[in-house]
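Subsequent text provides structure tokens for two forms of one protein chain, presented individually as structure 1 and structure 2.
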Structure 1
């Protein structure tokens, strides 16, 4: 890119997380450092139980790390409480879930409208924008179907459209293709990549699928609660991360 050093959307430094197990604590993240940048699709890979979901939940400002620091757009948000966090998530973070987490009573377009309403867009403008977003993910003609009438791939596309309802710079997805067949997976990841590249968002995706590596700008490998290695397959070279 240009020579200007752009600030990462999210900077994670020395993040540790312990879960309380009865009377002793079990540490599942042992000091994570990483940067997520605009315009990039980052994949987070690693065996099950290595702490990927925990890390993603912390990055989504839904869980507090036991130690370490999380910066969003240069601001340390680690210490913020539930009074401030909803507004920050609303504005800056978009979520895509493995099990879609659509509101089951609402149809596709209404699901997107709910996210728009949280952005203050309501009524006819919201409907118009929601239809645009659905069109964007190729689902316009299914707008009035409820989640239980949509296929897995369609549901995931609705949730992508919902994530795009906010201007969030950071989009977090936990195994968004985990419940999809490989062809649908490729479509969804392609959409996510487009988001990163065309809309200049930072897209951070947890996945098990090694076939997706080729699409990524950055691949982070996790093992046992640490970052094992971080590569840039598209020839951008290995990024040295500060030691934990």
Structure 2
């Protein structure tokens, strides 16, 4: 008897993106196919100029593809108008940035509470939930420290907690370890991996750091605007799968 296959949180099919440069069209993405699933940490890797940021921006519903389809929870979101997208992003997509984007005047728990307020959670309920999220990322004891008193890795973990303050099924991270040393980078990505597994979220991370590959459930390699290969850990090694 065959089991039920759960649909991906996000499915990208045949996505292309081009820009006009005078009389010419510059194509950045050339028919991207990929799936992002619950409970998995996916790394998107590739050299500068390979189209990673453009793809992430499309997946975050901040940019429309020139052609192709993006499905979020089984719904074709490329067909939606601009007026519909902010509410979809707010409920279903969380963002983590390289620059942290924390409010300097607020301490760690207050930064998380700001994100909860956007979900309508305030007061004691917000404080309780914010503390739970900081505990999940190992920062419960640093709750009352402002960003200038936190290390780079601690700031990034606060930004992870803030992203998880929303009910978003899809978490997108753009070079979240770009300003961190290798040891701290591994700690942050391990936090993301653990939260993907424990909270059943789909976590999608753009990174240049090859040292993080061993922590991922899936590694997608981009080259010249295409998916060059997709790799999944198998036992101690890595098995290459043909690109979709």
Partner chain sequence: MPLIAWRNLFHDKLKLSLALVGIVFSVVLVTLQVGLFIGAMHNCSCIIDRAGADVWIMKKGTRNLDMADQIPERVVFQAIPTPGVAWAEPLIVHFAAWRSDDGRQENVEVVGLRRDTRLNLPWQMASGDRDRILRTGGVIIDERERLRFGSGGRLLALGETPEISGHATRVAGFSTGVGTFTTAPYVFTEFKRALDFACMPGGSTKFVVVGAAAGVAPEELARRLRDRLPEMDVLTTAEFSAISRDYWLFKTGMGLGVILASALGFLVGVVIVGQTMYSATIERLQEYGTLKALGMGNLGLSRIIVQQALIAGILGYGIGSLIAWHMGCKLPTFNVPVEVPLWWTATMFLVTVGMCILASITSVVRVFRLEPAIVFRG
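Predicted, not measured: the structure shown is a model, and the values here were computed from it. Here the rigid core means the biggest group of C-alpha atoms that line up within 1.5 Å when the two forms are laid on top of each other. Numbering follows the first chain given and starts at 1.
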(message) Two copies of the same chain, shown separately. Which of them is the form predicted together with the partner chain?
(response) 1
(request) For residue 78, state whether the C-alpha moves by 2 Å or more between the two structures after rigid core superposition. (result) no
(message) Using a rigid core superposition, assess whether residue 136 undergoes a CA shift of 2 Å or more between the two structures.
(response) yes
(request) Superpose on the rigid core, then tell me if the C-alpha of residue 168 is displaced by 2 angstroms or more between the two structures. (result) no
(request) Could the core-superposed CA displacement of residue 146 between the two structures be given in angstrom, to one decimal? (result) 4.2
(request) Align on the rigid core first, then pass along the CA displacement of residue 110 between the two structures in angstrom. (result) 3.1
